[in-house]
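Encoded as structure tokens, the following chain is the form predicted on its own, with no partner shown.
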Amino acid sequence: MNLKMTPKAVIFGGTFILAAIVFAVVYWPWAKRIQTPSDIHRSRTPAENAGRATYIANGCVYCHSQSVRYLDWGLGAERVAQAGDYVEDRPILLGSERTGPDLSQEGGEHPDDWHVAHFINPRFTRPHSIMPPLAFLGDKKISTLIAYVQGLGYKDADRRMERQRFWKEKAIEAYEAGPEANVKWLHGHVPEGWRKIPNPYPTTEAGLRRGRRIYQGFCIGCHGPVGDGMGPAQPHIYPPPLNFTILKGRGISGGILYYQIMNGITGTAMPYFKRELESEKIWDVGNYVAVYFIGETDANAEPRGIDASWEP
């Protein structure tokens, strides 16, 4: 066979290769695209669409993805993203970076007031965050941005938001009834078994130092440097962050602190940390709060089990 690189062959071959690429990469995916909405999909509200425009204009997609994959189960994901979730999105904002958390199911993870504080200055709620403050957007745009974020997850997000609103009413009612009633309400929603568990680790200098480091990295923005609930996020949150000093003499235990740090308190700005802090760190920060802010600790008290092998 005599093959010559003639102009005609180059033009024909190049055209054929380009057509094949366009067919495989552009036309075929477009023709086979999924157009059926997923079971959680719904259309966005006008406020959510306005917030999405703000999200795009400020480049949020460059740091936040909106797609959970099977390999993300280790991150604590509850649902793998599906093509039908995005049938109305133009453009689709899947993103590829996770400098910040994935937002595909962010709706209802926090109440609205947490987001107000977070968007004004992310360090108010996440002291180690590198996200830029968005206070310059103004209240109206921040409000629509919150609407968009609270809708991520569609119908699942709606159910979570319904739960947030229900418990926020209860939390406000308890807070406005005074410290005694508030603490009783907070403790009353911790399962009885947890209320009776002491902190299993002894109070040590190393443990308290770890607790202090964790507190500064996760808690100080809301609860403040001295645990009085007067952190920089406080003006934007209601009911305000808990003043730990009111817990003294009111039946606090290591188990109560652990349970509330682990699961958060739905309806309030107190988030859960079960995906971010392993068990020992939760016990350590709980003991730090108990020793320095509450003024009483049950660390290493009875009932005790077998000490861990590394304990002093």
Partner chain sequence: MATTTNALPQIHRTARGFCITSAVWFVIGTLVGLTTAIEFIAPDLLGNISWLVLGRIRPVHTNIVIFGFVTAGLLSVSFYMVPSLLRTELYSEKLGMITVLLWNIAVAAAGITLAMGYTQGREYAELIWPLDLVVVLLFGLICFNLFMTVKQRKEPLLYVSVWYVLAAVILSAITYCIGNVIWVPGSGALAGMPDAIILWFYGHNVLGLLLTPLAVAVAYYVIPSASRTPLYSHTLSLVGFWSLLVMYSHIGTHHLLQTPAPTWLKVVSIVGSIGMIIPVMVVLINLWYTAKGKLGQIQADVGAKFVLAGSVIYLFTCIQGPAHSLPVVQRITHFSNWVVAHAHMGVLGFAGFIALGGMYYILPKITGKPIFSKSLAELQYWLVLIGMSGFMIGLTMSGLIQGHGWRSGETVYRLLPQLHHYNIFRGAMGVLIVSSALIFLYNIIRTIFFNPGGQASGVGKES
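Note that the rigid core is defined as the largest set of C-alphas that superpose within 1.5 Å between two forms. All values reported here derive from a predicted model rather than from experimental measurement. Numbering follows the first chain given and starts at 1.
Keep in mind that the form predicted in complex with the partner chain is not shown, yet the notes after this line are about it.
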query: Every residue in A24, P29 and P91 with a non-hydrogen atom within 4.5 Å of the partner chain in the predicted bound form?
result: yes
- prompt: Counting only heavy atoms and a 4.5 Å cutoff, which of 108-116, 144-152, 214-222, 157-165 contacts the partner chain in the predicted bound form?
  reply: 214-222
- line: As a check of understanding, the residue in R98, K170, R79, H189 with any heavy atom within 4.5 Å of the partner chain in the predicted bound form should be identified as R98
message: Just checking whether T6 would be counted as a contact of the partner chain in the predicted bound form - the rule being heavy atoms within 4.5 angstroms.
response: yes
- request: Using a 4.5 Å heavy atom cut-off, state whether N182 contacts the partner chain in the predicted bound form.
  value: no
message: I'd like to know whether L71 contacts the partner chain in the predicted bound form, with contact meaning heavy atoms within 4.5 angstroms.
response: yes
message: Check T203 for me: does it contact the partner chain in the predicted bound form (non-hydrogen atoms, 4.5 angstroms)?
response: no
query: Who in 129-143 is close to the partner chain in the predicted bound form, meaning a heavy atom within 4.5 Å?
result: S129, I130, M131, P132, P133, L134, A135, F136
query: Do you see a C-alpha shift of 2 Å or more at F12 between this form and the one not shown, with the core held fixed?
result: yes
